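Take a look at this single chain, the form predicted alone, given in structure tokens.
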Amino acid sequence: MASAQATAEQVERIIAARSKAKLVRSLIYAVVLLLVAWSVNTTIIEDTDWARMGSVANVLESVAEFIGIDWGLFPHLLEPALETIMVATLGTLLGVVLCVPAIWFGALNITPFMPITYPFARLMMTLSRSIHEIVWALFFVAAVGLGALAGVLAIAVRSIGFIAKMTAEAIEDLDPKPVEAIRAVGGSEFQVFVYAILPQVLPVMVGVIIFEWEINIRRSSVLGLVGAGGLGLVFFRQLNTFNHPGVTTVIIAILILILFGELVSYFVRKAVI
């Protein structure tokens, strides 16, 4: 009898706990929906100049101006497209070189002096990732002038955070047994890195670099908007001259370039990793 009563009490507690959890979930969903509705009302409904936008016919008329392709612009897109790829490639390579100290300092199990080097490297990674590539490009355009060099430097600095963070975390998660084995037989720190750490993290690092290069093609495509060369500069000129079919043409060229980057990265990743 006592056992049956204890079982019934346990069932009641389980039912009560489930009812309470269901109530909490319902309250969370309601709060999220209210926040979404408030965000839509604040950022879209109240902040949009509906009178300036005009009627649906006016909106469609504005969109129709971008329908069409400026075929005469295509021959002039080859050089900017190559420049975009070179900016992405050189920026990624420079970022790989620059992120080596950040990887060394930012991996907790190999950092030389943890109280100083580790937080410093993590701060640099966060700073690199937090600032948009357009902002970096504006900074370097002011520093070195207009042109592809500013784009290369912006891409390089922007790439440091992602490559260094992913590689450093891979080093922190590696198998410590090969490291301990090489140290036990008197291996130097350089030998430990080359023969115990690098073989374990190299596939991850190569995959991250290829992925970052693919992203950098997209980034370098728009850096020309702030004077860093490439297709973005052509886009900016077409937009300023109100050549709307030309704008569409540049967008198509950027899309083709990004698809090319994805195709190349797929085959390279398949061959290397």
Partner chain sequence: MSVKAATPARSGAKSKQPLREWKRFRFPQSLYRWGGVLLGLVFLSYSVVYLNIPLERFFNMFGRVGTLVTERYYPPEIDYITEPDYLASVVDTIQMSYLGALFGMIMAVPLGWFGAYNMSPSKRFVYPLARFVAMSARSVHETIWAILFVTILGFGMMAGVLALTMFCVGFAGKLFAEEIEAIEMGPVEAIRATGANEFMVMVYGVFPQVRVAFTGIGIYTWDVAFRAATVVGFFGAGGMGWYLKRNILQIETYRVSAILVSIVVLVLIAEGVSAWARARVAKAK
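Here the rigid core means the biggest group of C-alpha atoms that line up within 1.5 Å when the two forms are laid on top of each other. Positions refer to the first chain, counted from 1. Not measured: the values here are computed from a predicted model.
What comes next is about the form predicted in complex with the partner chain, which is not displayed.
**Student:** Answer yes if any heavy atom of residue 255 is within 4.5 Å of a heavy atom of the partner chain in the predicted complex; otherwise answer no.
**Tutor:** Yes, contact at 4.5 Å.
**Student:** Does any part of residue 222 reach within 4.5 Å of the partner chain in the predicted complex? Heavy atoms only, please.
**Tutor:** Answer yes; at least one heavy atom of residue 222 falls within 4.5 Å of the partner chain in the predicted complex.
**Student:** Would residue 89 sit within 4.5 Å of the partner chain in the predicted complex, counting heavy atoms only?
**Tutor:** Looking in the predicted complex, residue contacts with the partner chain include residue 89, since a heavy atom lies within 4.5 Å.
**Student:** Check residue 129 for me: does it contact the partner chain in the predicted complex (non-hydrogen atoms, 4.5 angstroms)?
**Tutor:** Answer yes; at least one heavy atom of residue 129 falls within 4.5 Å of the partner chain in the predicted complex.
**Student:** For the interface check, one of 167 to 175, 113 to 121, 99 to 107, 75 to 83 should have non-hydrogen atoms within 4.5 Å of the partner chain in the predicted complex; which one?
**Tutor:** Only one stretch passes the 4.5 Å heavy-atom test: 75 to 83.
**Student:** Among 28, 57, 36, 67, which has any heavy atom within 4.5 Å of the partner chain in the predicted complex?
**Tutor:** For this set of options, the contacting one is 36.
**Student:** Looking at the partner chain in the predicted complex, which residues in 236 to 252 have at least one heavy atom within 4.5 Å of it?
**Tutor:** Stretch hits, in order: 239, 244, 247, 251.
**Student:** Is residue 242 one of the residues whose C-alpha moves 2 Å or more between the shown form and the other one after the core fit?
**Tutor:** Not so; residue 242 is displaced by less than 2 Å.
**Student:** Does residue 40 show a Cα shift reaching 2 Å between the shown form and the other one after rigid-core superposition?
**Tutor:** Yes, shifts by 2 Å or more.
**Student:** Rigid core aligned, does the Cα position of residue 31 differ by 2 Å or more between the shown form and the other one?
**Tutor:** Yes: residue 31 shifts by at least 2 Å between the shown form and the other one.
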